[in-house]
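What follows are structure tokens for two forms of the same protein chain, given separately as structure 1 and structure 2.
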Structure 1
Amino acid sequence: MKIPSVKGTRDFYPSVMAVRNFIVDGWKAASNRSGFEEYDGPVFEHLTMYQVKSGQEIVEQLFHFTDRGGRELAIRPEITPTLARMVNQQINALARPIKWFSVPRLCRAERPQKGRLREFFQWNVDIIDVDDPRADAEVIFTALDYLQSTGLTAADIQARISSRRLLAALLQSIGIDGSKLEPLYALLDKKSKLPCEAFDEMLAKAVSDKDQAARIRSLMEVQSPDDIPQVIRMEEPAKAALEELKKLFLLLDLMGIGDFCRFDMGIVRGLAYYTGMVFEVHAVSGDLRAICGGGRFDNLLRDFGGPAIAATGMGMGDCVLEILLREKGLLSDTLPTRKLDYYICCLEEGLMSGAIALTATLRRLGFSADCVYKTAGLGKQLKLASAAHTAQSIIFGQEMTKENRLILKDMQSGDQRSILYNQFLSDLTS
């Protein structure tokens, strides 16, 4: 009986794995460039972890189960709660500021669709204990630095940035009660995905006061932070949040990524725990989901039983990213599944022992090396070496039998030369 893979998951054959490594290696390189340290956590956690962060409704979006000890557990759908738990557990021992990144494998019990699978990889970057827009700018910079490294330009992608702190202050200034903010955030977050009529109808149900609803609609259409005072009277909390947002954009310009960034009041982010800057990176054209998103979440550690410490971060999934890179012609279907320093070709059965021994020696010296499993024509063996993206082939043939010499062939140029076996080893170790 043939058993298929589970819907919404992927089999990583070597060619597919090469794509995954291309993406993940780029994520890690960008993290290292910006001074982040890597961490990871368990693949499952207590279900309560996710209920604390996202509410009871999250349960239906998780793969959750009860273990033999009666504990309710869930396979992680994200790693931010794990980050909060881990930091809280050693809060007094960790050097600050904390700059961590992770590339976890995550699962969500959702209906698979374009750019959204049940199992996926996500790059997370977080900065903890820096209460300054510079940390927010650094998170955005790190995301855009990676995306630029793939070949994407400001004509391809855009970071849309807003402030939950600013939005909250503005909504309260027009009379929206604080207890109604969270459900309103969820609605405003859907605005760009809904027809205008549908959004207006839902807003009318959420905000019965017609004047308040009209001012909210006007606010969501603002194109520049400088235009906000013309729409809503600015009180002190809103003024402070607006100045903070303007400072963020100045920092982004200073970092050389201003062309990639724009203000967008419609970026709200549906999760309740955001407290300040929020952003999403989108493709300029097309109908793809956000490539990545994040923001400031200063209350998260406190919500998990720790102190109230400033925090900001972002997450980028591999599924939407891969689609975009393919659409832009920036992801090859012929990425090498392996790259060898040396491939040992053996033309005579009696020389195979020496070829095997040399292969092992090269590996112990730190080189990547492989060896033919049985003798065959040289052309066939060189094809195997080429398929393995080998830098140099080492040919065991008549020269080895007569003079203890190897033939080194440069697989890129085709040049080859003869060298004594002992001299070859001496050159490698000198």
Structure 2
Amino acid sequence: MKIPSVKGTRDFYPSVMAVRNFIVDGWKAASNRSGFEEYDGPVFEHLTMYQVKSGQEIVEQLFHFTDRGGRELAIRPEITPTLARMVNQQINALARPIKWFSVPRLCRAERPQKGRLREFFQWNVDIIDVDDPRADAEVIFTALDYLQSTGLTAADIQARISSRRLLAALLQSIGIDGSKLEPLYALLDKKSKLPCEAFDEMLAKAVSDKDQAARIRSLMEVQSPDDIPQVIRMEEPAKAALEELKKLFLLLDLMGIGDFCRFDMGIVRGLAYYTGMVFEVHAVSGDLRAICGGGRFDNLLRDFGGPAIAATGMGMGDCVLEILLREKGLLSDTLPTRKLDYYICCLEEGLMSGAIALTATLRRLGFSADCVYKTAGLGKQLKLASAAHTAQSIIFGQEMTKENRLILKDMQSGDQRSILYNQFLSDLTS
């Protein structure tokens, strides 16, 4: 019987796994550079975890099930609710501020398409209990520091930044009711993906007052924070939100990444829980989805039954990123799937025991080593050694039988020399 894999999932053959490791290792290195600690949660949680604040899109995409104890569970579609749960559980024991990162495997029952799969990895970086744009800037910095480390430049990618707090204040100042903000965010977030007419129609449905709708349309088109007063009169609390956003841009300049960052009123984000700064990193050209996105979520811990503690963070998936790195020639097609210090070739069956014993000895000394399974022509064996990215081949041949000597071949230079077996061993351990 032949069973296929599930649509929208990936099989990580060693060459594919090497790409995943290349990406994940880069994420971990960038997290470490910026001083984040790694955490993780379970791959499934109670279904209700995702019905609290994740937003309708995620709720519709849940893989959920009932266990034999009758519990309603779901495979995690994001890790932020888990983060909120975990921090709340240990809030008195954890040293704050909290700077945590994670690289969870996530699942969403989406229609598979370019850059979107049903199972993917997402780098998450979060700072908790820093109620200051410093933390927002640091989250954006960490994402961009990683992206720069791959070789991407400000000509390739841009961080588009806005503020939910500012947007909320402006919308409320023109008379939009607080209870209507959440569905409006979801609509405004989709604006760039919708044809103009479709957006206008949906906006008219959401906001029946024509003047309000017109002002929202104008607001969404401002190019700079300085243009906002021409559309909507700035009052508190919008003024304070704008000041905060300007402070964020100053910090990004200070961190040396100002040229990667720009204001974009159109960045709203789909998730329901954002309360302040929101951002997305996009490829400058092409039609790829966002490479990463995030924002401030000051109410989430409270929404999950904990104290009101400020929080900000971001997530970056592996799928869109991989497409972009390939497009830009920044991802090798032939990353090594393994690397050996030694490959042991054996030309005579009678020498195989010695070859096996030496291989084990090398491994136990901490070297990576492999040994051919069957004697064969030297050329064939050296080919196997090359395929395994071997530094040096060790040849058991007639020199061994006659003089107890190994041949050592440097696979880079091709140079080879013979050495007494015992000498080789004592050189290794000295």
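Numbering runs along the sequence of structure 1, starting at 1. Rigid core: the largest C-alpha set superposing within 1.5 Å between the two forms. Small disclaimer: the values here were computed from a predicted structure and weren't measured.
Structure 1 derives from the form predicted alone, whereas structure 2 comes from the other one. A movement of the C-alpha atom of residue 66 falling short of 2 angstroms is seen between structures 1 and 2 when the two forms are aligned on their rigid core. Core-superposed comparison between structures 1 and 2: CA of residue 396 displaced by 2 Å or more. Superposition of the core reveals a Cα shift of less than 2 Å for residue 46 between structures 1 and 2. The Cα position of residue 413 changes by 3.8 Å between structures 1 and 2 once both are aligned on the rigid core.
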